[in-house]
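Only one chain is included here, represented as structure tokens and corresponding to the form predicted on its own.
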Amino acid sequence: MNALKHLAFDNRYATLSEAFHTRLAPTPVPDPYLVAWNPNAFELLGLDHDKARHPDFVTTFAGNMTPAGADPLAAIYAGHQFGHYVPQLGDGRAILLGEVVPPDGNRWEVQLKGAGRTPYSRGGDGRAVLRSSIREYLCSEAMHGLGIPTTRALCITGTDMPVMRESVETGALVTRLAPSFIRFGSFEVFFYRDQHDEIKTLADFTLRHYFPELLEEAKPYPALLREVTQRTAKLMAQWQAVGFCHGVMNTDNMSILGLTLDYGPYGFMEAYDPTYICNHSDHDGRYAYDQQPNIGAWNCTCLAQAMLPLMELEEAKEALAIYGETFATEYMRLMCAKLGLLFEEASAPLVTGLLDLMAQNAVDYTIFFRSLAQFDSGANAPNTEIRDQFLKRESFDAWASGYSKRLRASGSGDQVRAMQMNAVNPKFVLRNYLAEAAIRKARDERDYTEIELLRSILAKPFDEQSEFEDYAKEPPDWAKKIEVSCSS
């Protein structure tokens, strides 16, 4: 009996013409096996947990069997990569199995990443490796735990089939879920081909299925651009506030729904450095941490250009104008919450002043903000454990004096404030060394338990979880040698 026979597929993207995709099945892999499965994502699809143990589950999500009702395809898109337009990209190693409609009615597109060559592989092998699959699986679930919009991960299937990267690595597929995988580049490909009918078709499809409320607007297309711009600005604010660096913010990696999409050479901030570059391939720092908000705006401009056949130039400019204010407001709101401050103009100097001090003293971003919940706002409180994270302690003292006065003026007690701050400042983030430890166990020992342990810890990043204290520590010395690049 097929373990997945009850999955109800309704493949809306497949109803679009062949201009938007190529129908093809995944390329099978030899002797697949299950590496990891995510019970939280199972529940999204209405899958019972025991389905993970069924042979058909592995066979399906290794790409060796197409489930009934699915309509596999690879989508076409283009994009600006590191600022340069590339006319055709598309799903070069990902195949959309179809769109599942679970009992709760919340639709999920199910995509296999590493499913083999497609017409858009551009000479690539169409495969993914165990290393990168583990990183995507863990980070998408970590971001969800942090409350940041993201694709989700259902499972990792492995195969001993060798895959060549810088060296020979073990192959794998990661199954990822999203309401939609439509990207900014999905519009760009048709703009640069002068296919305006297809731009309209895709915009109408997006409005009808994902933003139906905008169809009530007098001008739905500028309203769509405005909505996507606003979502992107908010997403960038969330990335910045949690210290997340994406690494490859090309327009083909930007979701039309404002999701974090395509996890490659990402990194969570450790010693605070606003110029942090997580991608070893990003030699010019285009996607450095402090550049992400500007790149988000630039990418929205690329989308606006692609949508210009649907609106007047002034309408596009007006839609884009919301980005700056939205980002600034949302970022300051989030940062004030991290400090336990009222969201008001007078709090801004304390936020910016603290970040300057943290950069000067290379203070660990996550550890510091988590510890700040224990700040004693008394007039002469020493706050020694927090203070000792700074090399220049007298500089911290000066900042802390103004901070404590502000806290006392707000009237919130330290105990209540601590609870509020711990609800927004995570104790656990997916540091690269944690992911690397799980990868090494999986690769060298075929031990996949660390993947599941990390996933479960990161699903509750704001909880104390004192038994896992070691997972909240600064990286060890060996982790300084970890480099992640576009092959990660």
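Numbering starts at 1 and follows the sequence shown. A quick note: this is a predicted structure, and the numbers were derived from the prediction, not measured.
We do not show the form predicted in complex with adenosine monophosphate, though everything after this point is about it.
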Q: Would you mind picking the one in Asp356, Asp290, Asp71, Asp125 that has a heavy atom within 4.5 Å of adenosine monophosphate in the predicted bound form?
A: Asp125
Q | The single option of Asp262, Glu330, Glu141, Glu270 touching adenosine monophosphate in the predicted bound form, heavy atom within 4.5 Å | A | Asp262
Q. At 4.5 angstroms, heavy atoms only, are Ala362, Gln389 and Arg393 all close to adenosine monophosphate in the predicted bound form?
A. no
Q | Candidate stretches 237 to 245, 270 to 278, 371 to 379, 117 to 125, one within 4.5 Å of adenosine monophosphate in the predicted bound form by heavy atom | A | 117 to 125
Q. How about Arg165: is it within 4.5 Å of adenosine monophosphate in the predicted bound form, going by heavy atoms?
A. yes
Q: Give a yes or no for Asn253: in the predicted bound form, does one of its heavy atoms lie within 4.5 Å of a heavy atom belonging to adenosine monophosphate?
A: yes
Q.
Just checking whether Gly92 would be counted as a contact of adenosine monophosphate in the predicted bound form - the rule being heavy atoms within 4.5 angstroms.
A. yes
Q) How about Gln81: is it within 4.5 Å of adenosine monophosphate in the predicted bound form, going by heavy atoms? A) yes
